[in-house]
Every structure is written in C-alpha cells, then in structure tokens.
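Just one chain is shown here, as structure tokens, and it is the form predicted alone.
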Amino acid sequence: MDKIVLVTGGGSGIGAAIAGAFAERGCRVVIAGRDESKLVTAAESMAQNGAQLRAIACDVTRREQVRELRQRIQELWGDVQILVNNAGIASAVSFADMADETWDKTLETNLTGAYNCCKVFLPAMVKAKWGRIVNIASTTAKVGYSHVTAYTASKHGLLGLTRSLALETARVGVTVNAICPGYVDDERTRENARIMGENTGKGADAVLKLFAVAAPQNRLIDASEVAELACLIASPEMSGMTGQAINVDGGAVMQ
C-alpha cells in the first residue's frame, strides 16, 4: 500500500503504533504532534527498520500550523492520501471539580483539531477522487463515562463529524470512518488510572483492574490492535466502508 499517510499525535501510544503499521506496509508516513523531541525519537526508532517516516512538529489546534504542515508534506512527498486524526488529550476529573480550561482544551484538541486537519487535507483527496480519513474516537463516543465529561463530549462530537463528513464525501472517492477503542494499555490510560487511584484512594493498579474488568475479555486493548484496524479501514479494498464507528474494546460496548 504505497500511500502518503499523516498520523497526528504520532509520537507515542496508539498514534505511534498506527504510524509503524502503515510504514511496515510500504507507506510514507508523517507523524505530527506538539512534542518535537518525542516525535523525532519515535521516528528514528521506526526508521531503523527501513521505514519511510518523518517527524514534523504541529499543534493541530493552530490552523496556521496545520496549513504549514500540509505545505511541508507536499514539498516532501506530495498530497496526504490517508489522514489519521489521533491527536487527543484526556483528563480524569469529576464535572464539579473540572476547570473551564480543561473543557476548552479538550474540545479544542480532540474535536476542533480533527476539524482543522480535515478542512486542510480533504480538498486534495476530493480532487484526486481518492482518500481515507480515520478518526480515532473512543467507546466514549457512544456511551457516557464518569469523570471524563469533556473527553466524552469531544468524542461524541468527533463521531458526529465522522458521519456528516462521510455523507458529504460518499460520491467523491473518499471514505471517513472512526475507530472506537476501549481502555488501551498506554501512557494515557495509566496516567488517568493514577489520578483516579489517588482521588479515590484505591491506587492505580486497582483502577487498571477495574478498567480491564469492564470488558468481557477482562483485559486492556493493545495499541497494535487499533493500528491493524486503521490499516484495514484505509486500504484500497475497503472503499465500500464509510461513516462507520468500529469498536476495539474487548466487547465492552456492543453497539
């Protein structure tokens, strides 16, 4: 699959796993994010296996930076053909204790950031009559979770964006889909478990076990499982799938 791929939030966790999976399939991959040192480290690690992978710092909440990112990728390889909107933040806090700033930043990153990238990179896909947009949502896009109000609202919004954009691009060769992971065994999940453990007095390990038992498979999801699905959805063979939101959650949410 020789395509030009952009993965936002690609420096670690799900994003890095997705970038690596596309690179292994022969794609030219750009990983973007705010932490340039983390991006460079991730890119160098994956490039050791011969992957064509570049790291470019970009804050997706800043529209001018997203436009600059498009220009740099065009100069490097050409137009982005597969966009993976993975950049996101999550904070575990009760609604009563949540600062307004937390709400604003979460919506700005998780929802508006994806909007910015779609707005900038979609036109070239439409012009080429081929493109794939994969939005990394969450099971919180479908059901409510306690202590993550802002995150849940942002992911519900991302799912709405996915479905509406899928309808508008259905006849121009572009597909738009979402992946809804459950609790993934990554830095974000462990940090939220630590915070919730401190707030409840249960401890991080106990909270992680609660996360795991929430799924019938009684386990956390590996980032590679999300990455494999992203590659499948973005493949040329899946041109008939659009507007879908697919769970990877060990059976936690069956809808």
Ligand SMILES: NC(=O)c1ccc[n+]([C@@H]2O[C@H](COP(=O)([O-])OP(=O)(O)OC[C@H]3O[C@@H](n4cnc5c(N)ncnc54)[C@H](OP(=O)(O)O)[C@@H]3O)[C@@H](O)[C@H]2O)c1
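Note that residue numbering begins at 1 and tracks the sequence as displayed. Here the structure is a predicted model, which means the values were calculated and not measured.
Quick note: we don't show the form predicted in complex with this ligand, though the next part is all about it.
- Site residues 38, 60 and 186 are all in contact with this ligand in the predicted bound form, judged by any heavy atom within 4.5 Å.
- The stretch from 150 to 158, 70 to 78, 121 to 129, 170 to 178 that comes within 4.5 Å of this ligand in the predicted bound form, counting heavy atoms only, is 150 to 158.
- Although the partner is absent here, residue 34 lies within 4.5 Å of this ligand in the predicted bound form, judged by heavy atoms.
- Taking non-hydrogen atoms only, residue 92 never approaches this ligand to within 4.5 angstroms in the predicted bound form.
- Residue 116 falls outside the set of residues with a heavy atom inside 4.5 Å of this ligand in the predicted bound form.
- Interface residue remark: residue 14 is counted as part of the site for this ligand in the predicted bound form, having a heavy atom within 4.5 Å.
- Residues 136, 137, 138 are the ones in 117 to 145 with at least one heavy atom within 4.5 Å of this ligand in the predicted bound form, listed in sequence order.
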